[in-house]
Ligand code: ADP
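Below sits a lone chain in structure tokens, taken as the form predicted alone.
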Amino acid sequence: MKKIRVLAIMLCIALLLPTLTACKKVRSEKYFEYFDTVSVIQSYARDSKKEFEANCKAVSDLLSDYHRLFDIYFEYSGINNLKTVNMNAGKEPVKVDERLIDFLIYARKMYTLTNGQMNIAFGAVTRLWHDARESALLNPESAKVPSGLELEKASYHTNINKIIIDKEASTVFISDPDMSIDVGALGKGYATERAAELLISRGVSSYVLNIGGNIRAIGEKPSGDGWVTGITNPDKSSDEPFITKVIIKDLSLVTSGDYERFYTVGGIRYHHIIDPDTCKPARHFSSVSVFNANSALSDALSTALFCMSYEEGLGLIKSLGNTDAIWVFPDGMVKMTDGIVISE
């Protein structure tokens, strides 16, 4: 089923690329290996082919490292990753790469910032929905949703404080043997921001990263203009592919939506963004897009806002400053904050 997801995301990126590449002498490189998605690096900087290839290699190596560190399904030779940490839940601490320690500390900050709406310790619940969706995609006639009792039992094992981090020893220990970490709501955005930081440290500007739809613009075009990109219309029956087009400079844009990873039971669509309060797919919105200079923060917020009421989410966005959002409601209504630059 990974190939199906990759193809779906490729179609979305294919729609975005014409607006992002409307510039002469744009260099572009595409990767398929990381985070079960498509990653695209684009340079508008008029750098040489050699410089561009060196920058792409640096980013590719970084994304590969984080892909392996964040993987909860597979282990890799020579490293202890989140799969290793989850396997040792309730058993013993696991010595991990310092970058994983830093990520987990950041994830705790996001948990606090979002009042628990972005919780990497929710793996016991998300695994039930993941397994049900995978089974349904293989056998649609047998599709079913996790039972209320299963979800209730799993919800008892989602306490983020049970993730014990020893920064000095560089170890992680999940003290609850039935708990697991799932970083799907944060990992890709965090890795994207680390990639942007790496490029900036190499003196790069006028680049765009598109990591599975997580867009991070570094600087602006040499002309001083920003990049135009579309906000996907969640209504796939519509003739309009975008609900609007926006201009971004030195900014990240991350969207969480109910229209990519889902399955259907009894005519009801069950998507992958699970509300921590109900342990079921959140029903407030069809999509939420967040704009912030930091891709990791945008990723965390897009998931958290998807699970909050509009009023709660708006209050959070206003409290942060330099952050904007677009909410698309199930009935098609769109609301957005004032700082978004709309393309004419």
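The structure displayed is predicted, hence computed values, not measured ones. The first residue of the shown sequence is 1; numbering continues from there.
Below: the form predicted in complex with ligand ADP, not depicted.
169-177, 155-163, 242-250, 266-274: which one contacts ligand ADP in the predicted complex at 4.5 Å, heavy atom to heavy atom? Answer to the contact question: 266-274.
Since exactly one of T232, T229, T84, T126 fits, which has a heavy atom within 4.5 Å of ligand ADP in the predicted complex? The residue from T232, T229, T84, T126 that makes the contact is T126.
Ok, C307, A296, L63, V290: which has a heavy atom sitting within 4.5 Å of ligand ADP in the predicted complex? Result of the distance check: C307.
In the predicted complex, does A185 come within 4.5 Å of ligand ADP, counting heavy atoms only? Because a heavy atom of A185 falls inside 4.5 Å of ligand ADP in the predicted complex, the answer is yes.
Consider N210 of the chain shown here, and say whether it contacts ligand ADP in the predicted complex, taking contact as heavy atoms within 4.5 Å. No, N210 is distant from the partner.
Is K221 near ligand ADP? Define near as a heavy atom within 4.5 Å, in the predicted complex. Close contact is absent here: in the predicted complex, K221 is far from ligand ADP, nothing within 4.5 Å, heavy atoms only.
If you check in the predicted complex, is M118 within 4.5 Å of ligand ADP, heavy atoms only? M118 belongs to the contact set for ligand ADP.
Should the three residues R27, S39 and Q42 be counted as contacting ligand ADP in the predicted complex, with contact defined as a heavy atom within 4.5 Å for each? Per the other structure, none of R27, S39 and Q42 touch ligand ADP.
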